[in-house]
Each structure stands twice: as C-alpha cells, then as structure tokens.
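Below, in structure tokens: the form predicted on its own, a single chain.
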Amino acid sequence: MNISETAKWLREHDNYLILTHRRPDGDAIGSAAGLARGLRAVGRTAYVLHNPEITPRYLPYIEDYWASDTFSPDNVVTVDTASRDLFPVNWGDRAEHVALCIDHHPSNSGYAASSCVDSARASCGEIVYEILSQWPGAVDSETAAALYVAVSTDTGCFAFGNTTADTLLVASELARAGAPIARINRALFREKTRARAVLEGFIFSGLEFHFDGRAAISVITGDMLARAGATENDLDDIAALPGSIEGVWVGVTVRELSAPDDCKVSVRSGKDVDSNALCARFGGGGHAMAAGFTARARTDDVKAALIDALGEVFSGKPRA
C-alpha cells in the first residue's frame, strides 16, 4: 500500500499492538512511539509491545506506550522490521498475526498481510510521519519528538549517505511541530558514557585495514566489553566507527555475542560498496549503505569469510 492507502487502512481499524524488532534502535523505537501517539490522537487505541531488549537511552521516548499483559489487540502492526526472524523475543515467529508492516528496508520479506514499504526513505520514521500527516492534528510535539529520534538516529544525525532532501524536510517539519531537537541531539549524539569512551579506544586500537585501506574491520569481544564496563546501552551506532576513518569505503564490525561461537556483523559503506549485497551472502540484509547479519561461528572465522567476500567485491574496483 502507498501512504494514503495505509493512512486510510489505519483509520478504518482500531485496537492496535505495535511491534519493534530485536535489539531495537532509535528508528524502531521512535517509529513505534510516534505511530502509537498519532493513532491515539485520532481516537484509536494503540500500544507498543514491551521489548525486553530495549536500552535505557530510548526508554523515555516509549515507556508510556507499553501494552499491559492483559491487552488483547485486534490488529498487529510492525515498524522497521524487515523479516519475521527479527520479531522481538516475546513475540516469537507469529507472522500470521501481523496485519500491517511499515518499513523502509529493501530486503523486506513481505511477511505481513499488508505492507507499506518505501526503500527510498532513510528511516521508517519518515514513512510514519507521512502517514500521520494525512490526519490533521496527529503530529503534536510529543509525536514529533519520537519521530525525530527515529529520523535522526537512522541517518547519524543527518551525516550518513542515506540522508536525502526529503529526510531534511521531514526533520524541519518535526522541529516546527515542537520536537526538542537540541536536547535530543545532545542526548543521542554528543554525550557518551565513560564505558563507551573506553570501548571506542579498544576498537580504534585494534582496527584492521585491508585492500589498501579501503576496508576496516573491528572485532568486539566479550572481554573488551567487560574491561570497558560496557553494556548494551553503550553500543548504539558502534558499527559506524570503522567507516569513520579517512579512505575507508566499507567498515565492518564483528561483535561476539553471549557465546564465543555466536556473533553479530554490521556493515557500513559508501556508494562504492553495496552493504546489503555483501550481507546477503551470509543470509542477512538491510540497506545499500547499512546492513548486517548474525552467524553461528567464532569471530575469527567470520572475519576470514568476510575478508574473502570483500576480496571479490574489491576485485575490479581500482582505488580512485
């Protein structure tokens, strides 16, 4: 469905439960909170399923919308969730119950009964804003704040290559609607914990460069997290660090999860490397400039496989 059709569908139904994806980021949280409040503004009942993997930094924007354990929805909506394997752990694999998916990932698998997917958008929050804009009065200052969290985090405070003129226009409208952009920007992009600062030191000191410096790879182990005293709350956008080095075309972060043979890979790139295509080789996906996958393997083995895959990517791509 397009924006108008999706807005019409949402107005014709009621009693919503909104799902975010596993390890929810700012776009998922902001989109869910903004949609819930916007739906309430037009007289609909809407809650968000509590996501046990949320980090404290995003709680203030969504905790007022958590559904109670006794809430029984008539319609389930997902935001920023490309496939059923990304459903939150407390939802399982119940794709058959999802009535609508709102998303911006080109890798969206079409699991929902109806979908509104626009892969040209830098964030899901932009799509939610366009939907709510169909309804006069649906975007107040609190809704605008939530959606600004969504739009700003998925674009790295508008520094990433996915930022478009439409992104900036939406951000402008959210500021006009009352989003406290200075406060949000400071909280999400300028302040960092001591643990995060220490962890960044470990990451930069251990960076590996390959293919004449065009690829930078970081491995984050459980031991590094323990020594830094870092938690999930300190890891937001950690995948952007390797690609921030001058001359790097693609930055890769291989993070060890709870077990030594379980890891998460995040890829960030410029226009010269397709992150989505690279991650698709390993069963993952995302966007052309930001994608990822998980692997049941040790970090060294995953890194070696990635280096082989990057060798194929860089073959025939001479340095400019």
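All figures in this text were calculated on a predicted structure; none of them were measured in a lab. In this text, the rigid core denotes the largest set of C-alpha atoms whose superposition between the two forms falls within 1.5 Å. Residue numbers here begin at 1 and follow the sequence given.
Below: the form predicted together with a further copy of the same chain, not depicted.
Mapping the unseen interface onto this chain, D85 falls outside it, with no heavy atom inside 4.5 Å of a further copy of the same chain in the predicted bound form. In the predicted bound form, at least one heavy atom of A171 sits within 4.5 Å of a heavy atom of a further copy of the same chain.
Residue contact check for R94: none of its heavy atoms lie within 4.5 Å of a further copy of the same chain in the predicted bound form. Contact annotation for V198: at least one heavy atom lies within 4.5 Å of a further copy of the same chain in the predicted bound form.
In terms of contact with a further copy of the same chain in the predicted bound form, the residue from S107, S115, N185, N233 that brings a heavy atom within 4.5 Å is N185. The stretch in contact with a further copy of the same chain in the predicted bound form, judged by heavy atoms within 4.5 Å, is 162-170, chosen from 162-170, 217-225, 137-145, 99-107. In the predicted bound form, A175, R176, I181, A182, N185, R186, R190, E191, K192, T193, R194, A197, V198, E200, G201 are the residues of 174-201 with at least one heavy atom within 4.5 Å of a further copy of the same chain, listed from first to last. Positional change of S205 between this form and the one not shown reaches 2 Å or more at the C-alpha, relative to the superposed core. A movement of the C-alpha atom of D272 reaching 2 angstroms or beyond is seen between this form and the one not shown when the two forms are aligned on their rigid core.
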